[in-house]
Each structure stands twice: as C-alpha cells, then as structure tokens.
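First, one chain by itself in structure tokens, the form predicted alone.
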C-alpha cells in the first residue's frame, strides 16, 4: 500500500466519524480494525443521544455541537440507522430525586435546551406503566435515539465512497516513526506495514495499549457496562427512561458497582435495560449478579417487567477519563500522532464532533476552540518525556 495521509486505528463509531470527516476533506485515509466494524463498545451499548447529562461548559458545548452534526449527517447516510427524536424521561423515585430533577431542568433550560419538570400525576399520564409511588420526574423532548451499529456501518460506507481504505481483521502490533521520512508513521499489523503522515488512535479503551508501544501513558480506564435485552410489549414505555440517579452514576469515579435504570424500546420490539458501571479491567464477561441488579432496578420502576422474558445480555467497556471529558487531539512531543478516546458513555453522542475536531487539526491545521479542555496533555504526567 502506498503512503497515506492518515491511518485511523479503530473501527467503532468514533473511528468511523473521523474517517468520514477526513476523507470528506480530501485526505487519503486508511482505517485499520482488528476485528470488524462496531465489534467493540459501539455494539455493546444503548443508543441514546443525551444533552441533559452533560456538565455546563466544554462538555455541554461538545454535546450541543455534536447533536447538530448528527442532524446534518443522518440524511446523508444510506439505510435506516433508526435515528429519531424520541425525547427522554428522567424518573424521580422520591422527593430528594425530584428536587435534583428540578435543578437539572433549571440548569438545562439555562443552556437553551427544552426541559419540563413533571409532577407525579403528569409522569403517570405520559408513562402509565411506571410505578404509582414515584415522586415525578422531567422530560427532555430534544434527546435522540440511534442504532450505533447501523450508524457505524453506514458512516463507513459513506467514507468508502469518499475514498476510505477499510481494513478488517488486522491488529496493529507496532507503532513507530517512519524510518525513511523526516515525519510520518508506520503501523505494523500481523499482515502488513502501513505508512502515513498522521496516526489517529480511536480504539476506545484499547487506545492505551497502542500508546504503550510508544511509552505513552494516558489516564484512561475501561469501565464495564452490561445491558439486558428483554421481550416487552411495544407500547409498554413511550420514551426512553432514566432514573434520577443516572447522572450521579455517570460522574462517579468510585470503584464500586454503580447501577441506575436506563430503559429504551427498539424498533425491533425489544427493550434494552441498563445501566451498570464498574472498573473490572478488560473483562467483558457477563455477570449474572449484575444482570439481576439491573432487573431489580428496572422492576422497581416498571413493575410489569417482573413477568418479562430475558432474551440475551452483553457487556462492553467504556473509556473513562478522570475529569469526564474525552481526550481528543495531538499528543505533545509526538508530531503527527492524535488520539480520540475517553468519551465514557457519551461516545455515541459525541462521535460526530470528535470527527470534526480531528478534521480541523489534521486537514485544516487549526486548533479548535475547545482544544485545551480536551487535550491529552491536560494530564501533566500522562507520558514520559519523548
């Protein structure tokens, strides 16, 4: 293969969006995926695109920009990626949770996002299947759903039409400087050696293993999550549901298991039930104890699920960062090397804006306005001196 402009490592939704932007800007780009597209976290997750769980500041700015990019991108894709503005409902179990919901509504409204507090009666009117003793909640009508797997494949097909070279079943086993050029990189797999001016590591939690080849340390940890797939009546719930403690679970950095209700219907008529969060290394085995905890939490809020049939379950690894912001951009001291990881549970929402940011750095050679907030270099000791 001839020398390319860019090599992307990782065929999930983040890598696909980077490939789409870079090829759309005319760069010769190769994407290397060790298994097959969406074989990692992009297939082991829900499909919610949320704004209300984003902190004010850089995280919210990234989220709002990315939702707009999703709205522009989806009409350009072939096939149905199940993108729809479903809204989400935040469910408050008790008065304390309702008070937190009230604060979330106020904070979100201050960002120009539609949000409405729901009293007990109003919650029951829009979601009759919920337990009758819940205190209330909130509704966020501007949130979206999407099928991340379908979206990944469709975006990659778009990028291929723009010239992307997609390589499946090849694992990068070595990263090194190109020996015959003053700049540039080589990525060696078990099959070939590929060369490019730029490398983008977009391999989720496995990005850290790639960078270890260069003695670079990033504070990214795999945060395991499990999902339970249930056979349920199509009209059992009308919106995706999340409990009031979901935001606390997302932002918690503790090592203990975090469980908070997330429930969404799919067009296929199944219900996805989550969510769990725990630091368990790179283990992706499904834990029955965790599934039972998810089921108990779900039936607390949706009693009819006690009679529902479990269909299957799966687990994935979210790339967690200490300050709950992704690491996107150039690696200081390693010219031409970029990372796009650390999105934790917001990778589906933030994938398009991640691609745009990488495109600005590489294709346009400009530093985005949020560069400092998301720079890998914000963690001072993230790698030894090169």
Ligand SMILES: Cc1cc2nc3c(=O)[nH]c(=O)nc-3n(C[C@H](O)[C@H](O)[C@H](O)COP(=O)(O)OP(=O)(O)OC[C@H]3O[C@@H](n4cnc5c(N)ncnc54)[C@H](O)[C@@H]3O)c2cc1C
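Remember, it's a predicted structure, so these values are computed and weren't measured experimentally. Numbering follows the first chain given and starts at 1.
What follows is about the form predicted together with this ligand, which we do not show.
- This ligand is not drawn, but in the predicted bound form it has no heavy atom within 4.5 Å of residue 328.
- For residue 10, a non-hydrogen atom is located within 4.5 Å of this ligand in the predicted bound form, even though that partner is not displayed.
- Although the partner is absent here, residue 324 lies well away from this ligand in the predicted bound form, with no heavy atom inside 4.5 Å.
- This ligand is not drawn, but in the predicted bound form it has no heavy atom within 4.5 Å of residue 66.
- Of the residues given (186, 170, 107, 127), 170 alone sits with a heavy atom within 4.5 Å of this ligand in the predicted bound form.
- No residue of the trio 118, 123 and 245 has any heavy atom within 4.5 Å of this ligand in the predicted bound form.
- Only one segment in the set 304-312, 203-211, 95-103, 157-165 has residues whose heavy atoms sit within 4.5 Å of this ligand in the predicted bound form; it is 203-211.
- With contact defined as any non-hydrogen atom lying within 4.5 angstroms of this ligand in the predicted bound form, the stretch 100-137 contains no contacting residue.
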